[in-house]
Each structure stands twice: as structure tokens, then as C-alpha cells.
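Provided below as C-alpha cells are two forms of one protein chain, presented individually as structure 1 and structure 2.
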Structure 1
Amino acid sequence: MADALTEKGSARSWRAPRLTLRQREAIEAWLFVSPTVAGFLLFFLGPLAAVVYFSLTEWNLLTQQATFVGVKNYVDALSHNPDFWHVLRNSFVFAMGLVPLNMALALSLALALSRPFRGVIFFRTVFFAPVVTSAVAWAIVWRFLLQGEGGAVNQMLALVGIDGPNWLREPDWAMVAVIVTRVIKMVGLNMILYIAALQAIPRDYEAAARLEGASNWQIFRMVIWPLLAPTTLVIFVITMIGSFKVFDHIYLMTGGGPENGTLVLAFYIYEQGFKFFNVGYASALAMIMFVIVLVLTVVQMTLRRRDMQ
């Protein structure tokens, strides 16, 4: 009886080293993950360790030598350099402005667009379009639109009798402008996450609440909002982290100005590291950013775990 299954098998077993199935699987698995692991060590874990070390050194530009200075860079940032607290404050103002605005708008749009009606695809497409657009292009166009004189936004405001400010040249307005334009750019992403979550809620819940005489607002407040809580938590954290990372938007719209009014942490790191070559100081700043992001992540994980119990 000619047998395709075993002939080959016995032939192979002569050559194959004696490995248990389990050992073989483990070796194959490590081959599968090896590119990822190699890249991870080289471009992530190594640099992460390096940034810790760099943050404890001072860099001499002329000799290209690093001198160990302990926590001096951190002390500089936290107690000597007035810029740092200013930058941190800016980052928090940016986040505190962006996150609630983004989430409220995203949720409102999602509620309006989670059920099919004529035009729903059109609106979803429109609100999501800025997400696929490059941040650079978006910033360039808005910088153009927000010019003080002759800018299209102010021209339109003039039509209704409002004398618009020179948006990007006044520190407070600049902050408002970068926040609002960033929200418009990114809100589509959170909107679709909310839409997905809303569509996953069984319609029966709403029907049951309606039969019990609940109003729209009551249904939202007592049924939908609690069911959205896990999504809201995820969205909150990714939006928060995203707002601390914002760089290209600021770089192109205001360059951190005016009067450092929009100088945020990511931009400050770039400036210190690549413009002034304060490698040690910039690394310390990067570590501080790392810690902020880490804290946010841990908070999310703890809340999510508690949520699951």
C-alpha cells in the first residue's frame, strides 16, 4: 500500500535532530518573533536604557563627551529652569482644553451618527477626513486661515460683526487656536470609536428603558453612558497621551510661540535636544514625559481592572 503520509515521515525522521514537539514549537516561535525582538532591542529597549543614562549626564558639544552629573538635569528642570514649569503648564493647559472638548464633540457626533439615516455616511466621511490628512498639511492650511489680517477665519467673523484677534500672534489665542484646530483634526477618530461602542450596545436595553417610560436624556444618562464607560476610559487615556505627544501641529502652526505661549513638552524636548544640543537635559525631559505617560497608562489599567471585577 503506497503511502504518502508515512514514507516522507520516516525519511525525515532520519535527519531531524531528536527534539520533542514542544521544543520544536518553541524554536519555531522564536524564529517568528526574532525580527520583532531584534528591532525592539535595538530601536526601543536600548534607546530607552540610553535615555535614562543620558539624562544623568552633561554633554559637551565640542569634545562630544558625556560627563556623569547625577540628577542635576532633573534638578535643573524641576527647580532652576523657569521654562520647564512654563512648558509643563502649557502641556497641561493644552491637554485640559483638548481632551474634554475632543471627547464631548466625539460623543455628540457619535450619538448623532450611530444610527442609519440618509446622509449618515456623508457626515461620517466628512468628520473623519482630517484624521487621514497629514498633520503638517492641516497645520499649514489652518495657519493660513488664521492669519490676523486677511485670514479667512477673521474675514468670516467680520461678516457677523466680530473683530477676530490675530490668532497665532497672541499667546492665549494661540493656545485656543492650536487646541481647537487639533480637536477638529483628531475628533473623527474618537467619534468612530464611540460609534463602534454605541452600535455594540444591544437595542433591547434602550427598548426596555423606553417601555418603562424613560426620556431620551434618562436613557442616555442611565443606560448608554454607563455602558460606554470602558470605551470612555480608553478614549480618555489615548487622547490624553496623544495630547502630550503633540509635536508637528505645534511646530508648524506656532513654532512654540508667541512668547513661548504654546511651547509644550514634546516640542521643548525637540528644541533642547536638536536645536540647542542639551542632550542630557533633553533626555531628562524625555524621562519626565515617559513617567507622565506611564502614570496615565497605569491609571487606565487599574481602572479597567476594577471595572472588570
Structure 2
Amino acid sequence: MADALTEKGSARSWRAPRLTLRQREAIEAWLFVSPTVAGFLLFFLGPLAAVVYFSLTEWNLLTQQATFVGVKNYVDALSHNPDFWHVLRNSFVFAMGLVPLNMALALSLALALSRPFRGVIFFRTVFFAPVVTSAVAWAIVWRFLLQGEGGAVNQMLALVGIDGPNWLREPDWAMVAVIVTRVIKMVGLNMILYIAALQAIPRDYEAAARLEGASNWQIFRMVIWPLLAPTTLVIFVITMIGSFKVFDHIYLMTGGGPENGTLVLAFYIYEQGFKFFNVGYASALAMIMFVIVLVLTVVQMTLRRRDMQ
């Protein structure tokens, strides 16, 4: 009986340790962020680690046999394969053509559509609609519009006496056609970002500049443009990354041709991995593209931070 009472008393005296407020907040915080952390590990860090490993192997997708070869794939790409440098040049040409044109057009549209006027919602919708349009449908439609003989673009040019080229079959024009159609599709996204940034600028700044006698150009150059710098950096980074990742337009409009004139890095990676089944080499190319984009982004952010100091 005494033993039973002692055990009962000891059971009553034992209590679970009480957590402090900071400990409870830490547990709740980890519970809230755990889905994001799990998604990051499962869908980003895990695949990235797998690509790094595959890039160090010679793995044929058909035979499912992987042989560790170290950095051989990187050496082959950078030293022994002239096609890689041609593809890399095409990728930079595409990026240097798309990024400035997209940003300049987006800013121009945003300046025109940031103020309220009759029909402004309609025009914003018109310019943003291509962004949410299916990329496959967009590319196929433009492939027909840009045909050499019966294409609608050349037919309209013929009305004013211009003999249009075969846009997607001539090496000198294919890259231009792909860049322009890509800009038209994606410019609406950057336009919306610029409109949001312009509407966040206090109107008092512009009014004060006008009282000082500043012209419209001076107001834009000295007041508006500096305040748009953070948004411009974000737009530059996402547009540049998108330009290096472009695949669907190339695949559906030119297939990398003519004469590999539009063969960019993302499409080249696809060919090596899923057409020639060289998964190890394709993974090495993917890692090279990742490093290129990372370096360009860091350089741009560093230059921007230096300008702000």
C-alpha cells in the first residue's frame, strides 16, 4: 500500500518540462517554414546535387550505365567542342538583344500607361495578355505569320513595296525574329512591374521638380529613373535569367536552325540529354549555364550596390 502511494505521489510530482516563450515561438516558426524548407530541399537542392553528380559521370540514358569521369565533361565542353562556343555565342547574342529591348519597351509602355486616362485598363490588358498566353500557341502562330511566301508579316510588307525575307529560314534574320517575338510575349510582365514602381513614387517629388523649372526629360533622368533603380535591377535579373533559359520558342519556331543560327544553350542541353542521351555531358552544360547566370547576376548586383554608395 505504501509502495503504491509512493508511486502515485511520484507520478503526480512528475510534470512535462515547460517551454519558455522563445522556445515555443521557435517551434512554431519552424513548423510554419517547414513546408518551404522541405520543398527547397526536395525540388531545388536535391536536383541540383544530382545534376552536379551526373556532370561528373559519363551516363548514357539508354543503357543506364554511369561511369565516374571527374571533370572530363567540363574539359570536353570548354576545350574540345567548338559547337559549345558557337552555342554560347548565340546565347549571349539572344540575351543582349532581348534584355535591353524588353526593358526599354517595358519602361516606355509603363510611362505611358502609369497615369489614369480613359481606356488605360484596356491597353494594360492588351499588352499583358501575351504573358498569360500559351507559349506553344504563341510560337506556332508566329511561325505561320513569319513564313516566307504566305506569311502575314511579309504580305503586309508587300503592301508598302517591301520584299520581306524568309524570317525563320535565313540565318541573318532567324535570331532577330525569335528575339522580337519573345520580347512581344514577355514585355507585359516587366511593364506591370514598372507601373507598380512608378505609382509608388510620391507625386510630390515631381511637383517640386516642376516648381524648380525642370523639364519632363530632367524629371525622368534626375528624379524618376534613380528611384526606379531597385525595380530595374530586379527586372534585369529575371529577364536575363529568362533569356538564358529560353527553350520553347527555339524548339517550336526554328529548332535551333537555320545552320544552328538560333541554337542556344538551353536547347543545346536538351539535345545532348534527350536526343543524343549524353546525360553526363548535358548536366555539365547545365552547370556551366548556372555559373554564367550566377556570375552575371552577382556582377550586376555588385555594380548596383557600388552606385548606391
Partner chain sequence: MTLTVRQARIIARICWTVALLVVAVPFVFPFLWMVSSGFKSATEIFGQPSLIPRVWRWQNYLEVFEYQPFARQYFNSLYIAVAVTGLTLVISSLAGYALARMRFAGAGLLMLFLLSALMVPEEVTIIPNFFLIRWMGLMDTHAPLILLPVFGSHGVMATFLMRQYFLAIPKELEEAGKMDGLSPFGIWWRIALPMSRPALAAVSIITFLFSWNLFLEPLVFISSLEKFTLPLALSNFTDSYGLPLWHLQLAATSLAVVPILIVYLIAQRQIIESFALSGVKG
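For numbering, take structure 1's sequence and count from 1. None of these values were measured; they are calculated from a predicted model. Rigid core (definition): largest C-alpha set, two forms, superposition within 1.5 Å.
- Form assignment for the chain places structure 2 as the one matching the criterion, namely the form predicted on its own.
- Annotation for Leu296: C-alpha shift of 2 angstroms or more between structure 1 and structure 2, rigid core superposed.
- For Pro35, a C-alpha deviation of 2 angstroms or more is recorded between structure 1 and structure 2 after rigid-core alignment.
- Residue displacement note: Phe44 has its CA displaced by at least 2 Å between structure 1 and structure 2 (rigid core superposed).
- Superposed on the rigid core, the forms differ at Ala26: its CA is offset by 5.1 Å between structure 1 and structure 2.
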